[in-house]
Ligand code: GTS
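Just the one chain here, laid out as structure tokens, in the form predicted alone.
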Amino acid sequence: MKIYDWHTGPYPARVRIALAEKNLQSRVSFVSVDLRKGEHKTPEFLAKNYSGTLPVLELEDGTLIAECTAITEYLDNLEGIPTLTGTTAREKGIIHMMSKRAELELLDAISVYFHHATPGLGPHVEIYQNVEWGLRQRDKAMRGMQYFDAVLKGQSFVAGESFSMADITVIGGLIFADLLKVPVPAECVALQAWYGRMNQRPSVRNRIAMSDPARISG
């Protein structure tokens, strides 16, 4: 399998964490797509992923799977019992609900802030920017942090009492926020404590080192 991604990207981090949680690192090679150069918007890459986003999983038969949730679902069900996306109908429903909320209320909002209210990836990629909209989305992301803080006051993980894809999505949002120096509000004590614990997980801590030069192509 191949993973097309960028080593420090918050969205690629979601799949890298999932790979490590499933102990599948040895079964993939990484193809570096330079976001700063806009390589994800070239015709060659758009032929692989119409959305022009990272990451993308390419299977041995040439099948291409984009979108972090879809890739994680595939990896989690590749062999053995799923551990990240739920095993019962109830677990699956809650995990997917909370992961989607993490995208809408935190990760995607931070992404919009980055692309609209900061220099983003530069003028060759950021063809249109709406600063006011970007700032509104930054504020939305901070409200999202407050929501997840409230959730984590009552349970150990985002979707209940087990680590799941929903946690990975919130981690991706906070990685992005860290990169942009958007702080978790001081009053979000539960979220801060949870994030501290998550950063101690080997899958989170070692996500960048996973793609050492010997295993990167492209």
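Computed from a predicted model, the values in this text were never measured in an experiment. From 1 onward, residues are counted along the sequence shown.
Keep in mind the form predicted in complex with the ligand is missing from the figure; the text below concerns it.
(message) Each of 90, 154 and 167 having a non-hydrogen atom within 4.5 Å of the ligand in the predicted bound form: is that the case here?
(response) Per the other structure, none of 90, 154 and 167 touch the ligand.
(message) Taking the ligand as it sits in the predicted bound form, is residue 30 in contact with it (heavy atom to heavy atom, 4.5 Å or less)?
(response) No, residue 30 sits far enough from the ligand in the predicted bound form that none of its heavy atoms falls within 4.5 Å.
(request) Spell out, yes or no, whether the shortest heavy atom distance between residue 55 and the ligand in the predicted bound form is within 4.5 Å. (result) Result yes; residue 55 sits at the interface with the ligand in the predicted bound form.
(message) Taking any heavy atom pair closer than or equal to 4.5 Å as contact, tell me whether residue 194 reaches the ligand in the predicted bound form.
(response) Contact with the ligand, no.
(request) Consider residue 67 of the chain shown here, and say whether it contacts the ligand in the predicted bound form, taking contact as heavy atoms within 4.5 Å. (result) Output for residue 67 is yes: heavy atoms within 4.5 Å of the ligand.
(request) Could you tell me which of 113-121, 138-146, 91-99, 77-85 sits within 4.5 Å of the ligand in the predicted bound form, going by non-hydrogen atoms? (result) Among the candidates, contact is made by 113-121.
(request) Check each of 35, 171, 158, 177 and return the one that places a heavy atom within 4.5 angstroms of the ligand in the predicted bound form. (result) None of the other options qualify; the answer is 35.
(request) Counting only non-hydrogen atoms and a 4.5 Å cut-off, give the residues of 129-151 close to the ligand in the predicted bound form. (result) Result: empty, none.
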